[in-house]
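Just the one chain here, laid out as structure tokens, in the form predicted on its own.
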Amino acid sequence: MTAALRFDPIRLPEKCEQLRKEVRAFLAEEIAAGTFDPHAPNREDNDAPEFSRRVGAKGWLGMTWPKKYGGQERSFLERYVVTEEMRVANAPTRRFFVADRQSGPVLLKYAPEHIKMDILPRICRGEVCFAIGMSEPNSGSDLFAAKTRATKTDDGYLINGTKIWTSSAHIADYMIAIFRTSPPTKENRRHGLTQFLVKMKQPGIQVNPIGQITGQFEFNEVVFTDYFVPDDHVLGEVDGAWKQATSELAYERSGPERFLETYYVLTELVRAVGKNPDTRSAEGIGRLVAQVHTMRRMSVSVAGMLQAGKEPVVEASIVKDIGTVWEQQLPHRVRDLAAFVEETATNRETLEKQLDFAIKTAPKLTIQGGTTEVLRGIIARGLGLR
């Protein structure tokens, strides 16, 4: 092995459980006020700017960041609780989630001080939305094959090329993107990629929506034509972005959102079978709950490692691999169990609508954030198997 694989058992401290009560109370108030419907994951109102600002006002964005940048200097475990409750409630997190989860930490580590002072407090207030610019046409999940060029010019770079499958680019204020600044070398295919902060809604950027089978337009194609990025928007080392991006993905791949995206169909099934399920339903639900509990323990462990300042890239990849395969299969397993739900169940129509949406959205789950094949390659290399 080239790395020791660890999933230390971690229990959430009491302050996390107190925070959980606060988050649940807040979400209950938002639901009662009609901000969102927890039983409607297919809604079109997932971009909720005012909700984002209210979450920011609670101090629940940028929770782990220094107070000088608007953060609260709280733990990764406390942030985990907020993320978990938001996900389980189907809260409209699209506007702030990427910025809070991974773009902010990248800026903290690599951005110049004046950019940190400008953007990070606005993330904490829930005022700005970020997108991630990695995938490109005809490249699959091979980031080494990125062809979008950043050509050096006076005081900055000119960007030409295309990013694709870019979630939320149509509403984003900023993007953190990887562009090619030099060709790869024979010795190192990873050489030549640089990370940039891109200000969206500027001349030289065209965002084209990509429709999904669900009828939603979450993904986008982003075309750059002589788009200018100033020198101070380079993040980290020129030509050395691969290590940065790999570390960033430890934040993206390990959270509860990687196994809870279709969780709503399980809770709806439990409501449908009621307090006295038949043996088959009880056994099926029991297996699913045991599986999600195991994944949660692994995910909390990774949060603990992030809290300790580690970069658990392999462990995060394992959580994402297991979690997304599970949440992709979950709607089909629930559909099988739902066949035995009484026609008179009060929420049967809601369950059927949820299953229709979840089954349509499930194929993307093992692609976004790194395909299953790429994840298993990372895991194999981390364990010294390839």
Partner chain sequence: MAESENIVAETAEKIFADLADAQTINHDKQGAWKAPLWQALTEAGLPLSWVPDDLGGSGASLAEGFSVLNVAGRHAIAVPLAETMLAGWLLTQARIASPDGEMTVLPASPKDRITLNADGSLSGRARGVPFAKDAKHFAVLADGNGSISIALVDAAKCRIESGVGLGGDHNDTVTLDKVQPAAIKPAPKGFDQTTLMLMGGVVRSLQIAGALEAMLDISVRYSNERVAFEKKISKFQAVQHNLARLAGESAAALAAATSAADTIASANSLNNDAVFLEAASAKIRCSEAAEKGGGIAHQVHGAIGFTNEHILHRYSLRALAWRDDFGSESYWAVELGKLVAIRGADELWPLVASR
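If you're wondering where the values come from, they're calculated on a predicted model, not measured in any experiment. Numbering follows the first chain given and starts at 1.
The protein also exists as the form predicted together with the partner chain; that form is not presented, and the subsequent description refers to it.
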Residue stretch of 226 to 234, 120 to 128, 276 to 284, 148 to 156 approaching the partner chain in the model of the complex, non-hydrogen atom distance within 4.5 Å: 276 to 284
Option touching the partner chain, based on a heavy atom within 4.5 Å in the model of the complex, out of 108, 171, 238, 298: 298
The unique member of 63, 337, 48, 318 whose heavy atoms fall within 4.5 Å of the partner chain in the model of the complex: 318
Triplet 31, 38 and 357 all within 4.5 Å of the partner chain in the model of the complex via a heavy atom: no
The partner chain contact in the model of the complex: residue 213, any heavy atom under 4.5 Å: no
Heavy atom of residue 364 within 4.5 Å of the partner chain in the model of the complex: no
is_contact(residue 167, the partner chain) in the model of the complex, heavy atom dist at most 4.5 Å: no
Residue 21: touches the partner chain in the model of the complex, heavy atom cutoff 4.5 angstroms: no
Sequence-ordered residues of 358 to 386 touching the partner chain in the model of the complex, heavy atom within 4.5 Å: 373, 376, 377, 379, 380, 383, 384, 385, 386
